[in-house]
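As structure tokens, one chain now follows by itself in the form predicted alone.
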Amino acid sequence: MLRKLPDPAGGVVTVIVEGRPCEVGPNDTAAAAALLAGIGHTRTSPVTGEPRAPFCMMGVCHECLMVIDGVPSRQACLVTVREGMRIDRQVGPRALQPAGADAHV
């Protein structure tokens, strides 16, 4: 079970993790919000389908890829939460955009 340390800045931000509201600190990352919400894993492997979860929490391992506000393959450990942010698991590989379409990172 994860437990947050006291945040001297205080305050609360409500994000939506897998369709459920979750209150987190204003300086938390999307990956931290997902872990605090207790979802267990943040994505599945595009090759094997195995569940994966954040590992390094500093942007090196890419295990925390999630769909954030509808944009797939975001490194959730590098994205600071904001009020109303939608955070969802990424299942398998992200969908590829057709040639010439506006692609999101």
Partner chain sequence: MSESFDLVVVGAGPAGLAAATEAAGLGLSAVVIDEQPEPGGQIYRAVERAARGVAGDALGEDYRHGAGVVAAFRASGAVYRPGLQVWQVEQEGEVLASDGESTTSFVGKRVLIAVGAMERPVPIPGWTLPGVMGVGAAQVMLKASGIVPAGDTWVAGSGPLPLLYLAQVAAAGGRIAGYIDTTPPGNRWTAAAHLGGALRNFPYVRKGLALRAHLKGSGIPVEAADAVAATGDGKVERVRWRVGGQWKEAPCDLLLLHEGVVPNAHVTMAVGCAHDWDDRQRCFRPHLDAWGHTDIGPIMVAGDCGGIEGARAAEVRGRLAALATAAGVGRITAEERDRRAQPLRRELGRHLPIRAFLDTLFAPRRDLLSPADDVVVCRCEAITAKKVRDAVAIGAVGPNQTKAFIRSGMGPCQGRLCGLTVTEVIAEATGKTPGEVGFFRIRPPLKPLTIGELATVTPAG
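Residue numbers count along the first chain shown, from 1. Remember, it's a predicted structure, so these values are computed and weren't measured experimentally.
The protein also exists as the form predicted together with its partner chain; that form is not presented, and the subsequent description refers to it.
Annotated contacts: Leu35, Met57 and Cys61 all touch its partner chain in the predicted bound form [non-hydrogen atom within 4.5 angstroms].
In the predicted bound form, none of the heavy atoms of Asp69 sits within 4.5 Å of a heavy atom of its partner chain. Residues His62, Glu63, Leu65, Ser73, Gln75, Cys77, Leu78, Thr80 are the members of 62 to 85 with a non-hydrogen atom no more than 4.5 angstroms from its partner chain in the predicted bound form.
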